[in-house]
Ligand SMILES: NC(=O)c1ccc[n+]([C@@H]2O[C@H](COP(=O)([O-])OP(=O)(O)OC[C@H]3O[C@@H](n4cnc5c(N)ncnc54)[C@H](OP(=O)(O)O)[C@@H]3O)[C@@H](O)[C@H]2O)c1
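The chain that follows stands alone, in the form predicted on its own, written as structure tokens.
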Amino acid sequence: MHIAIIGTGRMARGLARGWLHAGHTITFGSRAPDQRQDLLAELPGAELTDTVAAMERAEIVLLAIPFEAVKNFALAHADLLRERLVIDITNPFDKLPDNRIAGAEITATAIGDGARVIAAFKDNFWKTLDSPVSSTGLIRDVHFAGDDAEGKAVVTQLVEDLGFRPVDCGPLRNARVLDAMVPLMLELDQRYGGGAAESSWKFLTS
């Protein structure tokens, strides 16, 4: 698949590295591509262009920009995003303190009718993207939520391509819970993980 990654941070680079290894085509979309040529050296095989060109080339758009910028980005590029599967990995943290709505729901509303938004990778640390199996031998989970069945099937495959276990958490409204899990995970990681950013939520059944 051809994936446009909007953003060039650590999560964006970590996901790109895994998907390039799995054989996907990755195009980074940046506001200033001339200033991010380091990405091409770090991730051989990736492409780099402006945000619009990146989305035009891709089947899937992954949003990895700061949460505060997502709504305006989605409003500005709604026509392009409406034609593609959108994976929103951004985290609102304390920007939505009462969790009455998920960040990804705001993204979907900004795109409008026909939006295909999946919330995913929200509670995964960037440090764990290269370590899908923990030191104890457990496969790490990737939790995701969305209303588009076909889109969730695609995300399931993308998660498996990285070596993680996909966990379908139901409709997009359940991303409100995923948003809330992130600050709690940060708290627990600092208390019990030494601030190593290598912990994960794991759903276990008997």
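Residue numbers run from 1 along the displayed sequence. Computed from a predicted structure; not experimentally measured.
Only in words, not in the display: the form predicted together with the named molecule, which the text now covers.
Inset, instruction - May I ask you to state whether Pro183 is within 4.5 Å of the named molecule in the model of the complex, using heavy atom distances? - result: No.
Legend entry - 4.5 Å heavy atom contact, Ala69 to the named molecule in the model of the complex: Contact check for Ala69: yes, within 4.5 Å of the named molecule in the model of the complex.
Legend entry - is_contact(Asn174, the named molecule) in the model of the complex, heavy atom dist at most 4.5 Å: Asn174: no contact with the named molecule in the model of the complex.
Inset, instruction - Although the named molecule is absent from this view, report whether Ile65 comes within 4.5 Å of it in the model of the complex, heavy atoms only. - result: Flag for Ile65 set to yes.
Inset, instruction - Can you work out whether the named molecule is within 4.5 angstroms of a heavy atom in all three of Arg10, Arg36 and Ile89 in the model of the complex? - result: Every residue of the candidate spot has a heavy atom within 4.5 Å of the named molecule in the model of the complex.
Legend entry - Answer range among 159-167, 28-36, 53-61, 136-144 for contact with the named molecule, defined in the model of the complex as heavy atoms within 4.5 Å: The contacting stretch is 28-36.
Inset, instruction - Scan 111-149 and write down, in order along the chain, each residue with a heavy atom lying within 4.5 Å of the named molecule in the model of the complex. - result: Sequence-ordered list: Phe121, Lys122, Asn124, Phe125, Trp126.
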